[in-house]
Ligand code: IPM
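Take a look at this one chain, the form predicted alone, written out in structure tokens.
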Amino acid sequence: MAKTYRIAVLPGDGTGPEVTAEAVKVLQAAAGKFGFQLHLTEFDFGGDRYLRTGEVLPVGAAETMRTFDAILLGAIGHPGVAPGILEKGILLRLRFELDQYINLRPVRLFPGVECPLKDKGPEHIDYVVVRENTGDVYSGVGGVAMKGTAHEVAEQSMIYTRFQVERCLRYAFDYARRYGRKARGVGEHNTLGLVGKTNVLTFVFDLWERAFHEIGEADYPDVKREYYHVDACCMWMVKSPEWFDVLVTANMFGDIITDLGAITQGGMGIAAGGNLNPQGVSMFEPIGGSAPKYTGQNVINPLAAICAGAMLLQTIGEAAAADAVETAVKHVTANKLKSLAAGRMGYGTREVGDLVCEALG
């Protein structure tokens, strides 16, 4: 009997429903080819619902999401809703309530994709960032006093517990051991690089660095350890991205360097990510926003959403299907598309989804 996975689908706002439809199309094609089934349930969380009901997320939404094997998200962001309401009320709330403590971001340049870095190709840009996803300045600790006066004070605190740091590091070490360059047969070592700022943020990153070396020495002697200051890391991501294998970092630094990584791999149209709870339900999404100006025009690039679907398949245990989807995307970027930019691909949104399904089949 074919295995069935229950997937929650959150198309979201703007072009989110369009790219999600293509990701679902490819997921269904992969399921048919590899002999499993997907039971998809769609939820209307987003700006339209908020404007209609005044409710960002219904009561019990996180509990409902826990009943699924994974979540596929399109995009959040509505021109009629003030910035921050939906992002905090949906994205951050689900991440925190579902304890999705890992943000996983592959940074891979696919064949045929134009790279802004001189003389860099797919063999140079192929690494992964593991970002801690629940602590740091995003935890909401802080406040404002005397707002609107000349003496206004604003505070937002970078906070981490040893528990948060250690579970993120252990995930990153495990990931490097399983998927690092040596494991993939393309290097001599599986290497995990810690990205921090030990010379300035001496309390928080002292904790990160001590835990990094203690855990690595005790439990992962086979994984090579390196350390990079975050500012130097940003320079090397541009100059020598081939140095990197797997990187692990705190929430805010991870937020910044993954966007830098995205532009080096061709932009937001190809960048996908996962918000992971390895012991619970995880959520997968294209990194780009809702791009409302392109809504309904059939011009937006769906490949990031399709790649997010491949990450979903990998995480639920359908590794062969995930690899096949990624291979199909590489075929399309190498042989079909003129560009990744909206309206300049040479094909419409739906047609790109069809091309990936054709290559998959």
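Everything numeric in this text was worked out from a predicted model, so none of it was measured. Residue positions are given as counts along the sequence shown, with the first one as 1.
A second form of this protein, the form predicted together with the named molecule, is not displayed here; the remarks below concern that form.
Proximity to the named molecule in the model of the complex holds for none of Asp13, Glu55 and His78, with the criterion being a heavy atom within 4.5 Å.
Residue contact check for Leu92: one or more of its heavy atoms lie within 4.5 Å of the named molecule in the model of the complex.
Heavy atoms of Tyr138 reach within 4.5 Å of the named molecule in the model of the complex, making it an interface residue. Remark: Glu166 does not count among the residues lining the named molecule in the model of the complex, judged by a heavy atom distance of 4.5 Å or less. In the model of the complex, the named molecule lies within 4.5 Å of some heavy atom of Glu285.
For the named molecule in the model of the complex, the listed stretch (225-233, 84-92, 169-177, 107-115) containing residues with heavy atoms inside 4.5 Å is 84-92.
Listed residues Asp219, Asp255, Glu97, Glu209 were compared with the named molecule in the model of the complex; Asp255 is the one with a heavy atom within 4.5 Å. Looking at 290-322, no residue comes within 4.5 Å of the named molecule in the model of the complex, counting any heavy atom.
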